[in-house]
Structure formats: C-alpha cells, structure tokens
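Next up: a single chain in structure tokens, the form predicted on its own.
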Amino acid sequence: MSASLALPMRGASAAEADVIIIGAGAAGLAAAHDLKAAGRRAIVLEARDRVGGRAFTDTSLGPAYDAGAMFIHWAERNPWVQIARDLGIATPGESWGGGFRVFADGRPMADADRQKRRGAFGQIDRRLETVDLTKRDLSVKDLLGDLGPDLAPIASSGLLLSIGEESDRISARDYQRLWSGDDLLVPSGYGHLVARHGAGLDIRLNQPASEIRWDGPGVAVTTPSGTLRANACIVTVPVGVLKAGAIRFTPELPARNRDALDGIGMGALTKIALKVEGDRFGITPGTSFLEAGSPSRLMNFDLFPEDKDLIVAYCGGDHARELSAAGPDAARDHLTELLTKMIGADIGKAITGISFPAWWTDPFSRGSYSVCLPGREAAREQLAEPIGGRLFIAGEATAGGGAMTVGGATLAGRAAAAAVARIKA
C-alpha cells in the first residue's frame, strides 16, 4: 500500500459521510455497495434524474431498448452475471437474429463489393496476432496501412460500430489488450438491471458536482443543494465530462492525472431508435440491414428486434458526431431517407417517433466510452492513481482490459472502494 493511502481518516463528526461518490453509474454503484459492506457511509451524487449512467433502458417510445450498454461482455468473468442471477434476471446468450443484408447508399450491394468487404474484415485481428507492438504503439489506421487506400478504410470501418471511433485515434496496443469472451443479453434491459442494483444505497439525484476541493484533510463537494464534506471522494463520471472541465478541482488535478486525461478520448457510438407502427413490410424480426456504401458513414439497422415495433440504428465516429450535433429531426430525416431506399416509400408513413439520447452531446457523458489514443495506452492506469490519499478516479476508462464496458466500470469501482476502505478509520 502506498504511503498516501495510509493517511488517517477524519472522524465522522467532521463530515457528512466517509466517502462521497460522484456518479451513479455502474462504477459508482459498485463502489457504494462495497463501502457499505465495509461499514463505511457513502453518499452517491448523481447529476441525472435517474440511476445507471450510460447503461440506460429507454422506454420513451413505448417498447424498451437499451440506448447505451447492451451486452454483458466476457461473461466468464463479468460481475454482472452474478448480480443478475442474484436479482433473478435472465441473461440468455446472444441471438443471431433474422438475417443480414448489406447496402450501398440504400441499394443492395453488388456481390463483388460484398466479397471485397468480407475479405477486408478480420484484417485487424489477423495483424494483431503477428505485429510486434512492444517497441512502438501504432494507431489501428497505421496497423492496416499496407492494405492500401481502398481496403484499409473498409477493414477498419467495423470499429465505428464497436469502438465508436475513427481508426487513426485508436491505440492498437489498447485495442489488443481488450478482453473477449461470451456475450450475454438482458432482455428486460441492461439499464433496468443496473438501476435495480442501486437499491438500498444513499443516492441523491439531480445533484451535479460543480467543484471538488481536496486542499484540506478531507474533501468538500459543491452541488446545487450546497456543499457536502467527506473524508474521501471517488469520481466515476465519464472521461468526457472531466475533459470538458464540468467539475472544477481545487487545487487542480496533479500533472500526471491531467496528462492521463490528455491520452484518452471518447468514442461516439450512437443508437437512434425509430417507432414503426403498422406494416412490417415482410421483414423478419431481428433482421439487420448494414449501410456500407461509405466506410466512414457505416450504419447498421436492427429491424424489429425481439419482435418490437422499433428500428434501432447504430453508427459511430465522426458521422455519429455530425448526427448528434444536427439533432433528432435531422437524424430522423437521414434515417428515413436511407430506409426508404432499402424498404420503400411507405416506411416513412410508418415511422411515428424517434428517440435519440445522443451521448456525444449529452453534458453528463460527452461521448459513449473511452478510447486510448495511439501511444497512450498507459493512460488508463495512470488516471487511476490515487490523488492525495483521498481522491480517486474510477470507471470504465480505468478498467484496463475491461475498458468500455459496464463490467469493467464495476471492477474499477470496486478497486477504488477497496483503496478507500484500506485507509485507516
């Protein structure tokens, strides 16, 4: 244990809580549960009017869909498998759906082009199995550079729907170390599952933290309801929020932590849901349409998933940023135009609503999840370093191989809670 963690905690009478946790997403909930089990009083401050953060089951259109996290990734070691089991929530394996079709500008893609695309996919994994990254990190774009200007963008385009970022901004080393395994689904909603996990905790909604002072023996957190004091603070807000300066730190974060933030960006994986009523145009529920005419504007449509009256579109990278900035009306027009080419003019009449929780423009997210920039794969561990023995940053961005997932955020929250619990009371 480092010397900074041995700093004695102040008496409970001097503070409203032992620990203040900023953010009621997976990391914050995990930290709060573990601290409660350790006999520490933790208060969770959440800026939104709900629990769950980027795990959010949206019901605004009637049928529910997960607007954020959807899969329990690497289920063999993911803590949410047991959490769901304890809550009696089913988590079946991923279904292959009702088929898959590829389009270019809304028209069925020519067979030769489909074969070309199929051959390009998988090049990233094949190269990562043979490339030596020990001496120098590469961007994924550089990793694929020898494929040429035609195939390289196709080979990397799938990352827009997984990482949510352009290939020149993704560290190949960081991508290489990400955990893999079986994926499970939560039919009742991953966001609903995470929200249920918050039961029994002291969570205060609509309380964005505007300042965290850590220049005294403890911490003081400023919220719309006033200032709360505690002996330690765990900050679990997304990296995008920290980079935007939404929370002021007094004194400012140490240079190493600020440098770590400079090495991590935020992807823009985005889901846009359309309510579709009436005719389903002979489409089997669960069918996927992939618009792949332009690799930089890749978009996948899940049609009537789980037999629901929804079409859910996925996109990422700069295209998703553009749509997020344009807003719901422009996004609806764009999707309707594509679907009209794919299905027919009547689809426009069947679309009756849109839900667009754009993470990129959401002030409490500023992106979908963290992405290490090329050459900066060590930034995750660097960001997680304790600050002054009483301030800790935790979340999916500090989860190493578990980054970008709810499971990783949970493990990071638990690690931060363990560090706080080791501080002598």
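Remember, it's a predicted structure, so these values are computed and weren't measured experimentally. For every residue, the number given is its place in the sequence shown, counted from 1.
Missing here is the form predicted together with a small molecule; even so, the following discussion is about that form.
With respect to the small molecule in the predicted complex, the three residues G52, G68 and M404 uniformly fall within 4.5 angstroms at the level of their nearest heavy atom. Contact check for A27: a heavy atom falls within 4.5 Å of the small molecule in the predicted complex. At the 4.5 Å threshold, heavy atoms of A384 stay clear of the small molecule in the predicted complex, well away from it. Using a 4.5 Å cutoff between non-hydrogen atoms, F392 does not count as a contact of the small molecule in the predicted complex. In the predicted complex, the small molecule sits within 4.5 Å of a heavy atom of A47.
Note on contacts: among L269, L193, L159, L338, the single residue with a heavy atom within 4.5 Å of the small molecule in the predicted complex is L269. This chain is displayed alone, yet in the predicted complex one of A209, V276, L253, I154 has a heavy atom within 4.5 Å of the small molecule; that residue is A209. The stretch in contact with the small molecule in the predicted complex, judged by heavy atoms within 4.5 Å, is 230 to 238, chosen from 100 to 108, 297 to 305, 253 to 261, 230 to 238.
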